[in-house]
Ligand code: ADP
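First comes one chain, alone, set out as structure tokens in the form predicted on its own.
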């Protein structure tokens, strides 16, 4: 993996072989974790092979405790994941390219369908109007899928622009609620928001945060039965703002919950009830929350409902230069 022989590395400080990629603070954090906290240190790092080639690997450093609880011996494992990362990058690039190529003809179809439905090309019979309306709905689903794929590829490639500004989370959530009101009214569902009145504005990117609320509330609407209830709580907890989105819907089977944030995954109990869905929404939500310095978790029980919690730091996030924003 490194290109070095045993004799070349024996009794040599590891850092001297890594081409200066790890700074002093990195080593301080590493030693503090394994020697002072006596915890396993896990990370993804980049090193240079002997020939100068850059490679990426995962490392796990385990402290071995003696009878007095001291850690003076450590066992480390390292695995080269350069090839996996390259394959993943190629997959992301392909999805991005394919999505871009699909978006243009789909947008053209949308324009012509709107003209047909608007009567610009002559009056339609009821049967013709219904058929074209169904085509239009299918086209909208394809456009939504392409937008999701583009957003995923943009986030994974690190090309997303982060443009934070003082954001009122309550007002942002209320705007999404107003946008989804028709869908909630169609299913006679109640949507309640309860928020801390003294919550300050937070320096976040409202476009990204809006996507989090939109995906979670769309899922709550879709995967909750008629006359169900969805509740949003927004409060301050320590140095974070805490948001909870709860429903009393179908829930997620316990054995499938570990997969719920994976790409393209949809729980087995909802696939037959709601055929529409890409399985990308929660993956996107998790990516946005974590890239904004927050955390996300959930609890769920089948036929009793699901609660998602996510946090954002009150100190906000830093601006990040990029090439594109979310679609």
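Positions refer to the first chain, counted from 1. Treat the numbers as computed from the prediction; the structure is a model and nothing was measured.
Omitted from view is the form predicted in complex with ligand ADP, to which the following refers.
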Next on the checklist: Please determine whether residue 219 contacts ligand ADP in the model of the complex, using a 4.5 Å cut-off between heavy atoms.
Outcome noted: yes
Next on the checklist: Under a 4.5 Å heavy atom criterion, is residue 205 part of the interface with ligand ADP in the model of the complex?
Outcome noted: no
Next on the checklist: Please determine whether residue 164 contacts ligand ADP in the model of the complex, using a 4.5 Å cut-off between heavy atoms.
Outcome noted: no
Item to check | Distance check, residue 195 to ligand ADP in the model of the complex, heavy atom within 4.5 Å | outcome: no
Checklist outcome for this item: With the partner omitted here, the residue among 280, 61, 287, 296 that in the model of the complex has a heavy atom within 4.5 Å of ligand ADP is 280
Item to check | 4.5 Å heavy atom contact with ligand ADP in the model of the complex for all of 209, 213 and 309 | outcome: no
Item to check | Stretch in contact, per heavy atom within 4.5 angstroms of ligand ADP in the model of the complex, of 88 to 96, 222 to 230, 173 to 181, 72 to 80 | outcome: 222 to 230
Next on the checklist: Pick out the residues of 242 to 272 whose heavy atoms come within 4.5 Å of ligand ADP in the model of the complex.
Outcome noted: 247, 251, 252, 260, 265, 266, 267, 270
